Structures are given as structure tokens and as C-alpha cells.
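Presented as C-alpha cells, the chain that follows is alone, the form predicted on its own.
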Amino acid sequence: MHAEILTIGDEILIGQITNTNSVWIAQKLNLMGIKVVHMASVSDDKEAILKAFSDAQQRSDFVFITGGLGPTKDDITKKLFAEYFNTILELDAQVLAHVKSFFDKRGREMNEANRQQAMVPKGCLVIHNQSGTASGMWMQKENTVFISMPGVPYEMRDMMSNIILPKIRAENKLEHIFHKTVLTQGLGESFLAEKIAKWEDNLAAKNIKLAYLPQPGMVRLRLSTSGNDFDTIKKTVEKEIGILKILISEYIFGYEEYGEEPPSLEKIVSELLRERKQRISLAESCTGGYIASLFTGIAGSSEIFNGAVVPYHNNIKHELLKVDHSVFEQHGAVSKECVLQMAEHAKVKFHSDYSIATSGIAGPAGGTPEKPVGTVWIAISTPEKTIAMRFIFGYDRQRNIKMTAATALNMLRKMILKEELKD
């Protein structure tokens, strides 16, 4: 079955609020076997809303609508809902009693605008809102079910979880949808696509769709399929991931189960250190403390994180991390020699088992023909050895910082697991 999600409100279209409702609804629908084929944000405008309803009906079995059900004049969804279904608004005694009770419990008087909340389209199935005053509405036109809900996230989620999704599940035979995402680092999207091209070409015959989801420093590969038997489609995807792992094992650092929080590199590394009762320290020049913020953003990071220094100026690199002045004179701060000394001395200074050091030209200025913008040196020091690698990322400063962090964390992950590093 196919679904469409419509969010109504100018506040979304002007960027005043983030549309989290559609993301949440889409995840819940996919998990129960309903494919979302279209999402749209619609202005608080009569013609725009009615057209969106009509278009959605041509595409989908279910249309989920959020927003525009409040008590103010700009909330017009309910009136247009009634118009689209060629019916009228009528007072619902049960809804009115709920609204009155809602205000009585809070010691407040119910005004006329609040009373209007009890007006619902004649013939609709009213969806109770135990968290607010705007009821949801369920109506069907030909073969399409329209479900209208308030835009307040916690009210919408309560309706969906406790009433709407159980009703859909009980009334429909739904096929299963399965997604699994492979997390990779160290190879750009186009190079990754070239490397797995033959494998990807065979997926269509197995009813598997592959999506590339790039972000700074990594690429997520999502495999999706559907079918009547969940175990069968899951095994099909897992088998293909097993083949993929042989092709690009050196670039895979984890897997993401759909609907669950994806594992981040910093969490993976933190857990590896925690399991081994080992600790990390940092010397961040070009990343400016960004890697430290990733570690300390994890609850319990004090178990594995000893500390960090951000030695931006060369004099500070010398004073705090004992980098020889001769290194700056002969090689510069963005060099193998510099990050090696930074990493080794940070490990000693913070009494840690591992350390990461970064130094580079984040941009947008400061590059030279020999060291263009985006040039970064990363050093990792372990209990056994210290290594450094050079990378050239790009021209965007924030992107370079994120790519440096992802690369450094994956280098550390591999060295903890004693895997081979490839530049």
C-alpha cells in the first residue's frame, strides 16, 4: 500500500519550524509495510490545500495530514476537509465534553474559539486527542483514506501510536518492508559506486533497491526490499550485504537498522575503548575541538576520554606539546612531522592509551600550491606505535572539519582492532 504525507502551514514553508512530523510518520509507516510515495508541505491557502488533497488521492491509498486544526482563523484544514468531502461541520457532543473537561481541569474558561474545536465534518470518524483539544479526523473518498491530525508533534504521535496505526494494521493485510544500511568511510560516493557496480547491477533481479546517502566523511548504503514473508526478505538483504562486505570490507565500519538510532563512529570507538578499559586524548589544531565534542556528547565519556588540547598557534604546539621549533621551520605545522609529535606528546601529557592529532588547512584561505586548502595530516598514537597520514579534502571549512573527524575516528577504530590502514 502507498501513502502520502501532507504538512499544512506557512511556518514550515518559510523555514520557521522544522518538519519533524513527516520524518516520524514515514518511519512508522515503513516499519509496518506501507510505502511513502510522496511528501509535501502546503501553504495555508484554500486552493493549494484542496489541490494537494486531489493530487494525493490519485497517488495513494492513505493520506496523512498534519496541521491547521487549531482554534485560530489561520487554521483552515478542518473547513477544507469538510468541503473536499462535500459535507458540513457539525457539533460533536463527545468532543465538546472533552474540550470542556480539558479546560475545567486547568481551571480555565472555554471560549467560543475553543468550542469550535468540537465542530467536525459530518460523517467522519473522530480520532480522540487525549493530549489536546484538536480531534483527528478519518474519512474515505473512493479508495483513499484521508487522516487529518494536529500538527503538535506529541499530540500527533499519541494519535498515531494508540489509535491510527493499530486500526490500519487490523483492517489491512500489509506486506513487509525491510531496510538495512551499511555505513562506510574512506571512499567517496562515485568511487564507491564504481567499486560495487557489478554487485549493484544484480540487485534489481532480487527486488532490492540501493540508495547512496553521502555525508561529510562517509557514505551510507541503504538496501531496501519488500515482500509477504519478513524472514525471507531479511535473509535476502543480509546475503547481499555479506557479498558487499567481501568487496569493500576495509571501508565498512557499521550497520544501521531502520527505525533505530544509527551507530556513530564516536560511539563505536568509545565502546571499543570501554570494552578494553582504555582511554583516549586529543590534540586538535584544524578541527578546533570538534572531535572532543563528539566524544563528550556521549553519556559516560569520562570512562574513556582523558582530555584534549587545541594548540592552534605554533608557539602553543611547542609549549604544550613539545613540538620542536625545527619542525615548523623545515616542514611547517601542516606536516607529518608535526602531527607525529603532537600525538605522541598528547598521549603522554594526558596519560592515555591512544591519542589523535590533527593539523591542516581547513580553508577557505591559507592554501599554497604545495599544501592546498583541504590538506590535512592526521596522526594516531597507540600503545605500540604512532602513524600519520595525509589527506586532501576540499574547500569548504565546516565540511573539511567533519571529514577530518570522521577519518580520524575511523583510523583509530581500525588501529584498535588492528586492521590495515589504507590511504
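Position 1 is the first residue in the sequence shown; the rest follow in order. If you're wondering where the values come from, they're calculated on a predicted model, not measured in any experiment.
One more form of this protein, predicted together with another copy of the chain, exists but is not displayed; see below.
Q: Candidate spot Ile14, Arg108 and Ala211, all three in 4.5 Å heavy atom range of another copy of the chain in the predicted complex?
A: The answer is yes: all three residues contact the partner (heavy atom, 4.5 Å cut-off).
Q: Report the stretch among 379-387, 32-40, 353-361, 60-68 that approaches another copy of the chain in the predicted complex to within 4.5 Å, counting heavy atoms only.
A: In short, 32-40.
Q: Exactly one of Pro263, Gly307, Pro166, Gly332 has a non-hydrogen atom within 4.5 Å of another copy of the chain in the predicted complex; which residue is it?
A: Going through each option in turn, the one that passes is Gly307.
Q: Considering non-hydrogen atoms and a 4.5 Å limit, which listed residue (Asn207, Asn315, Thr232, Asn172) is close to another copy of the chain in the predicted complex?
A: Among Asn207, Asn315, Thr232, Asn172, a heavy atom within 4.5 Å of another copy of the chain in the predicted complex occurs only for Asn315.
Q: Does any part of Ala405 reach within 4.5 Å of another copy of the chain in the predicted complex? Heavy atoms only, please.
A: So Ala405 does not count as contacting another copy of the chain.
Q: Would Thr296 count as touching another copy of the chain in the predicted complex under a 4.5 Å heavy atom rule?
A: Flag for Thr296 set to yes.
Q: With heavy atoms only and a cut-off of 4.5 Å, decide whether Ile401 touches another copy of the chain in the predicted complex.
A: Taking the distances in the predicted complex, the answer for Ile401 is yes, it comes within 4.5 Å of another copy of the chain.
Q: Taking another copy of the chain as it sits in the predicted complex, is Tyr255 near enough to touch it, meaning that at least one heavy atom pair lies within 4.5 angstroms?
A: So Tyr255 does not count as contacting another copy of the chain.
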